[in-house]
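The chain below stands alone and is given in structure tokens; this is the form predicted on its own.
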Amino acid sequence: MTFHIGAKPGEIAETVLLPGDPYRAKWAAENFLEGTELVNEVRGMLGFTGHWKGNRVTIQGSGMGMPSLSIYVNELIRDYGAQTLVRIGSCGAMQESVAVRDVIIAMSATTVSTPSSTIFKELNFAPTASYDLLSAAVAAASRRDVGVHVGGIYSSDTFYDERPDLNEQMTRHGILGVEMEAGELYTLAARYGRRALAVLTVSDHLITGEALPADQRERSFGDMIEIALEAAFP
């Protein structure tokens, strides 16, 4: 057990999917895994371990934002031996060519700041996905009837952003979408020598203002989860 994860030794799989919402973790475990077992409910941040096509998988909620994700990923790696960590979550589109319900596979994650920023001091570290996971996810996505985009995303440390000028620069420089966690995930994976990827479903659009109603979001996330699983176990 750790401060934030109540699982016993051996209850966390080496492959972990990381939705931000603990109830999305529950939904994903119930719909995509077999033989699931609740392994964490500390502070209501649910985690489940089960099997997908014979492969052992944990789906653990990570909360909102990079500071929250950093806590769970540090503990998953250092205390439970997680080797492959894939963020599955929602994002906002920042390009007209990206549509709501499309999937973004994040090659890199631009940030203003992360919990790891103080380590790098004046260095602007460039967090990137693990190439083997990235290429496997692209291959898995090509077999599905869903719009897919591969490229850079922006991991923001604020949800209610009041910097339209910054968003304009992200769009100008080809950033596909914005979310709040992947930049720190990629940084921690690099630090500990682990594999990491973010596979994201577009739930809203910063340019058009279109957004998925809350009751449609989970139903639109199936492709993302299956791509993530197929990437982890190609």
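Just so we're clear, the structure is a prediction, and the values are computed from it rather than from any experiment. So that there is no doubt, residue numbering starts at 1 and follows the sequence shown.
This next part talks about the form predicted in complex with a small molecule, which is not shown.
Tell me which of 110 to 118, 67 to 75, 131 to 139, 88 to 96 has residues with heavy atoms within 4.5 angstroms of the small molecule in the predicted complex? Every other range fails; the passing one is 88 to 96.
Although the small molecule is absent from this view, report whether Ser203 comes within 4.5 Å of it in the predicted complex, heavy atoms only. Yes - in the predicted complex, heavy atoms of Ser203 and the small molecule come within 4.5 Å of each other.
In the predicted complex, Val178 touching the small molecule (heavy atom, 4.5 Å): Yes, contact at 4.5 Å.
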